[in-house]
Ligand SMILES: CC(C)(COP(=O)(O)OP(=O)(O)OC[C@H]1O[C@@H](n2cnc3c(N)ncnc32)[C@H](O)[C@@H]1OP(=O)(O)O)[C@@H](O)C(=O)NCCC(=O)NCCS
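Take a look at this single chain in structure tokens; it is the form predicted alone.
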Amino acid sequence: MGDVREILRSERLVLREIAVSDLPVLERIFADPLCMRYYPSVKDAMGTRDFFDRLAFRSYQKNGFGLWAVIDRESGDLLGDCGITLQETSEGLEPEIGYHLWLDHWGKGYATEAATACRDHAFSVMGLSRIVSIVHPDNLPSQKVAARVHQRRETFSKPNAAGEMMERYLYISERKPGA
């Protein structure tokens, strides 16, 4: 895997730091209207690069974590991204598990497997006591993933880019004391 750092492995996946060479594959995801239907809009190449500059490359330096490349262990293919970023919630700035997969890989359990591995990594390696996922109320597939990964769900509101309040589901996992 060259000069990028491997973060963790699960049964079928490797999560590693994103490399600049991964961006063309990720740009395809962020430019696709179906993949981005629960986001304000699709992103062009520059928008995707800015997104990963903020939530991967700069986050690795500043926080020691960020969005990671999701690699199929068998084929070596880049399936998308999954990782931990800091996001604003009703409790303030919190570590959040997020992911984006190319639609050919939906419905195969990769999102759940990657997000579960991130949750476990957050508790056992990073020493976090709480981690969340923020999900759009209409995004039923991601709600199913988050329900499998997390312990409970709450509703909260956050402002969008125009300052209008939008409702989101906050899925929450907390490390058990002594674990």
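Note that residue numbering begins at 1 and tracks the sequence as displayed. Everything numeric here is computed off the predicted structure, so don't read it as measured data.
The next section is about a form of this same protein that is not shown, the form predicted in complex with the named molecule.
Contact with the named molecule in the predicted complex, judged as any non-hydrogen atom within 4.5 angstroms, is confined among 41-49, 120-128, 133-141, 54-62 to 133-141. Looking at residue 69, you'd find every heavy atom of it more than 4.5 angstroms from the named molecule in the predicted complex. By the criterion of a heavy atom within 4.5 Å, residue 78 is excluded from the residues contacting the named molecule in the predicted complex. Residue contact with the named molecule in the predicted complex: residue 158 places no heavy atom within 4.5 Å of it. At least one heavy atom of residue 148 is located within 4.5 Å of the named molecule in the predicted complex. In the predicted complex, the named molecule lies within 4.5 angstroms of a heavy atom of only one residue of 112-127, namely 112.
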